[in-house]
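Two forms of the same protein chain are encoded below as structure tokens; each is given separately, as structure 1 and structure 2.
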Structure 1
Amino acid sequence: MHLTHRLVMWLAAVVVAAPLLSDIVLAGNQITITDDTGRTLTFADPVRRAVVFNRYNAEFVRAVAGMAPIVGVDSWVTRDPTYWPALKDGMLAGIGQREPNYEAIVALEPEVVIFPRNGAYQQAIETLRPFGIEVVVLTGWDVLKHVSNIEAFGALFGNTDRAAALNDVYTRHMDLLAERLAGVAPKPVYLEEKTPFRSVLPGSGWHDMIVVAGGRNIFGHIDIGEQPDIKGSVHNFEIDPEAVLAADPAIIVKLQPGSYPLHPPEFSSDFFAEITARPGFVDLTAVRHGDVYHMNYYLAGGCSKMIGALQIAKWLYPDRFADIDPGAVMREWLETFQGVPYPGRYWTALRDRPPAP
């Protein structure tokens, strides 16, 4: 960590001149990045050994640099071994990002430890200083910073080409969505969380995903600040079932917690049986046309929720997106960037369900 006046002024010039550019400078061999704490960190060479906290960070590092530089991860990653087949013994460096095991970290001999900004980085910076291990704070789960995060990871690990490729996929599809949805009146969407009659509000990344997909969240008019706390947070808000009937959404999307392995088909059958049995639901447009989608969180959140948005857009406007296959994008994300095989479709539609006996 060497802070020189020249670097600061150069950065200032770049930032002033090109506000949309990321905060990364490659000067000769030296790598300089600015992390989420505002510190400017310099590295002589690309990082070869890193301990990465938080699954989203790990995903993006793997996407950009592969598993090779990842020497340590947290429990969120280790408990998902099918998604992380390259895991070896001894890579566990802490339970979650708030209780790192410093001895385990030191034993892995990393050059850097990467934390998201809600991790215990303050403590880590001080504790790891005597060991010469740098702490970099990058927040992979922050979708608003997707592009700059990917660029930072790319620079850090010396994989700027792959980073650019990933950003290209991301930006291309985001631009495509914006382009094809220009001027289109958004169709109403009811997004349900894991618990029945709980939805998302503005402030939640899932709400933003609906908007990007050209949908109108039927609860998007609710301001969390005016609601009693007991009804929940923006990610998990208790809604009135009658409001769903009144809004008559074009599609219903049910988010199902899950990860890399697919859910068995019976799982969706149970859900479809339950939702069609709800009072009044069988008359909803979406139910009558079979436009109820049981969607794995995993797909929805893929690549900073870009793939989820793409999928919802296709459901909403099949004609406008006839040539787009979100499944193929997910395959690319998993196989090209994550290095794991694409297991199949991560969603089921009501219309595909065989009729009940």
Structure 2
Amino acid sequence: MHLTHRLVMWLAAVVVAAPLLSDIVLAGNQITITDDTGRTLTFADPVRRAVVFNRYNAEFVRAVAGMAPIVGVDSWVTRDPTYWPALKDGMLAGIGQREPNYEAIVALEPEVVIFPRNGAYQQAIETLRPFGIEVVVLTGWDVLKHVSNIEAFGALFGNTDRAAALNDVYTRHMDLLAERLAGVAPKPVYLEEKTPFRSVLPGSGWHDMIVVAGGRNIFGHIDIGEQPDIKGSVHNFEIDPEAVLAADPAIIVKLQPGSYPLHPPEFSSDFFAEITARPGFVDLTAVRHGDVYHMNYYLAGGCSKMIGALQIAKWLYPDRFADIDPGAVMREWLETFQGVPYPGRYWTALRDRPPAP
């Protein structure tokens, strides 16, 4: 059995994940796909005009079809114009994936609008139907659906060869992770969101990224369904600092705010000063060994979080991944599939911090 398939089957058994996309049918120019809602959608020809919500979805469209078919995006994309140099005035189609601007969408005359499954797709389906605009639900942030997502994007935009090339890069590295981590006892990982003491739970792509990397999310035992709404979501959940101290993680990964240009060194230095000043944190194994990492969202989320998983695996098991350079994989993702230059290393370690004067 193919290693990537084995890994996906294993992950499906231990994490909460949506069903994998199952059907893509190509007949001449006609394209039939099954999206994340389970709906079967048929298009007479490849899509030439699309409004795309969610940065990961936009990256996938650009990876398989370039920017030409993207006529509109949400504010998560437009906030970083250096990463999207082809964006033009008038392409803003909503304030994030939950607040689409239907007047702007209709004016952009797309054939389809693409949402992730945690976007406002249900309302969009009903609102856009009278205008003959189809809504497709594909979730680019889902670690477990990368291959089927890329196949769907490739079919939808008529570029299956480009999609296959990207999937080859992805499966090659996912196979490597599965092979080298076979039989390891997962090490405890604390992943902190941008806001202090906010972490991730099963059902989040960030949780899946930790598991793929051979880590054990120290909050992976929490069932979001049993928690009060005020605590947050699986993607951003309020945690008890005492629980971090009790778990004594092997590494701590702090997600930086996403920025295609590199953050200045002072940005990470301020975080390291803050985390080492937290009560009790100086005694944590990760802090004592310098295994605290400030990682940019762009690296963490690169190529369905495969690059983030590769980087975390190298931090957790340096001997097993001594010959692997996640930065080189990030360069390939950016330069070959996104068409933008690689600006340099997207993370900083506590151990790299200059000693206090």
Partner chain sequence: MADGHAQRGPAAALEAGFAHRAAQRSAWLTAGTILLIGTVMVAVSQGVNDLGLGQVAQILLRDLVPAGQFADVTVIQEKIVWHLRLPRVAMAVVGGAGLAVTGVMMQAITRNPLVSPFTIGLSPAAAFGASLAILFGALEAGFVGKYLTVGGAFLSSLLCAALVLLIAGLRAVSATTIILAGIGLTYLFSALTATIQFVATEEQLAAIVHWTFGSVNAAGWDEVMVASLLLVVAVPVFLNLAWVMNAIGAGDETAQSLGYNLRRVRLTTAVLSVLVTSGIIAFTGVIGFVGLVAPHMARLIIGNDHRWLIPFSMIVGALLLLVADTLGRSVFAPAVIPVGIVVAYVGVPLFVHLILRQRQVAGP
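What we label the rigid core is the largest C-alpha set whose atoms superpose within 1.5 Å from one form to the other. All residue numbers here follow the sequence of structure 1, with the first residue given the number 1. Just so we're clear, the structure is a prediction, and the values are computed from it rather than from any experiment.
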>> I want to make sure I have the labels right. Is the form predicted alone structure 1, or is it structure 2?
In response: 2
>> Does P228 move appreciably between the two structures, meaning a CA displacement of 2 Å or more on the superposed rigid core?
In response: no
> With both forms fit on the core, has A44 moved 2 Å or more by CA between the two structures?
Replying inline: yes
> Core aligned, does the CA of A65 move at least 2 Å between the two structures?
Replying inline: yes
> Can you give the CA shift of Q97 between the two structures, in Å, with the two forms fit on their core?
Replying inline: 6.0
